[in-house]
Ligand SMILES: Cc1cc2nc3c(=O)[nH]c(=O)nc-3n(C[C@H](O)[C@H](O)[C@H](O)COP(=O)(O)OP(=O)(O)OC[C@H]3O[C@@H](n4cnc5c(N)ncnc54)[C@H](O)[C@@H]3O)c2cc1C
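Shown next as structure tokens: one chain only, the form predicted alone.
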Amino acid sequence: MSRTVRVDTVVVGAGMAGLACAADLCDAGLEVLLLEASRDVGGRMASDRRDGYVLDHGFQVFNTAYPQVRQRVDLAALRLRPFDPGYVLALGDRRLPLVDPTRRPGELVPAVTGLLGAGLRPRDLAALAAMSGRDMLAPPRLLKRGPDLTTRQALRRAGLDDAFVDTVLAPFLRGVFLEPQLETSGRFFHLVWRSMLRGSLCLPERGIGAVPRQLADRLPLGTLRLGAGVERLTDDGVALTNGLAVHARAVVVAAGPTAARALLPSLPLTPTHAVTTAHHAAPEAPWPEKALLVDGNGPLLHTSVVSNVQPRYAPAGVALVSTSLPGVADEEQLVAAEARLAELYRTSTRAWERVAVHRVREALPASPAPWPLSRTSRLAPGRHVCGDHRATASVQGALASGARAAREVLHDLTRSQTASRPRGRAARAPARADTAAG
């Protein structure tokens, strides 16, 4: 790269939002430079490959129901393997399966029998079924029009008793939203619940990082620059940490909340939730299921034998167990987690080896009610920001926010183009993207 580069738009950050924004702007005929400080794309959506293991950063599953995912991703190329639908709730000595009757009708009766045997009421199960049916079948626009209560209030409104919520749903949802009080936007909850019912939660063969790498591979040659940290925004572009300058008519900051605010001090800081994921190698799979095991009354969020779901996650003859804890766990908490894993899987973990620990400090932006499902990317003339912290805390939210930023940049540049030099290529508006929560 020469000391000064001139482009139409520079996008800072090659996470999912930045990749979507850059792709749409390139498709519209603009000259785009996508700058990423690290040595790989994806941001939080990353994977390591070590000694034959695939180690995702944080516990991440890929939801095939998101509209932006269906629009942008070649699902077949990812060689996806699905988790079993639903989850298994560890409650004392019991293992209670929460099944999706539309996919596994044969398991409905024993599942209901188990829940009733644990003291849960039939009317709560009926209310859960009614809410799930509505969320699954109703158009998304209806779910978005509802009052934006907290998730707990939304569940009460659906007829679910607090005791049922705390026992059955809250342990699972705290692993989804990374917050225990269910203060997350109820509209966002209903949209997430809908996507889980309509789609499959999967793992790609090469790890979750294969998703952003696929998007990056489709960009025009020369668009993406890795190892290119941005020091500051300038009056006409950005200055890089290595002394280079990029002049651009528009700058899109597609970084996480803290990094974005460092470049755009006027941007309000979005609180985030942290998570720690520990990966353990076991001589054999501690159980045969492909389900998520949710810790109903313990210190963990959830655990699963991910090599049961996606065999390529571990070398032959070994099992990989991935477990998530809330917050940034220290060594004492990790040791306690390993003791809890022995209880959950009802087996000795003495022969297990801790392969990796990923502490993700900004794992998810907080989305407390009331929460806008989408916000404009415009902060000032020629200054834009996008990311899941500007929409919903999901892959769908990140991609949709990036798409919205591209539309708004293109609109602004097109309006000012009459006063600028003639362009060599005609700008084509990208197709309107799906909304943030889909």
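Since the model is a prediction, treat every value here as computed from it, not as a measurement. Residues carry their position along the shown sequence, with the first being 1.
Beyond what is shown, the protein has a form predicted together with the named molecule; the following relates to that form.
_Counting any heavy atom within 4.5 Å as contact, can you tell me which stretch out of 377-385, 25-33, 408-416, 39-47 lines the named molecule in the model of the complex?_
Among the candidates, contact is made by 39-47.
*Please check if Ala363 has a heavy atom lying within 4.5 Å of any heavy atom of the named molecule in the model of the complex.*
Answer yes; at least one heavy atom of Ala363 falls within 4.5 Å of the named molecule in the model of the complex.
_Any non-hydrogen atom of Leu325 within 4.5 angstroms of the named molecule in the model of the complex_ = Although the named molecule is absent here, Leu325 would stay clear of it in the model of the complex, with no heavy atoms inside 4.5 Å.
*Using a 4.5 Å heavy atom cut-off, state whether Ala400 contacts the named molecule in the model of the complex.*
Ala400: no, not in contact with the named molecule in the model of the complex.
*Give a yes/no on whether Gly237 approaches the named molecule to within 4.5 Å in the model of the complex, heavy atoms considered.*
Heavy-atom contact with the named molecule at 4.5 Å: absent for Gly237.
_Using a 4.5 Å heavy atom cut-off, which residue among Leu78, Ala216, Val305, Leu263 comes into contact with the named molecule in the model of the complex?_
Selected residue: Leu263.
_Leu373, Val395, Val54, Ala369 - the one with a heavy atom within 4.5 Å of the named molecule in the model of the complex_ = Only one option qualifies, and that one is Val395.
*Candidate spot Met16, Gln60 and Gly229, all three in 4.5 Å heavy atom range of the named molecule in the model of the complex?*
Verified in the model of the complex; spot residues all in contact, yes.
*Could you list which residues of 254-272 come within 4.5 Å of the named molecule in the model of the complex, counting heavy atoms only?*
Heavy-atom contacts within 4.5 Å come from Ala254, Ala255, Gly256, Ala259, Leu263.
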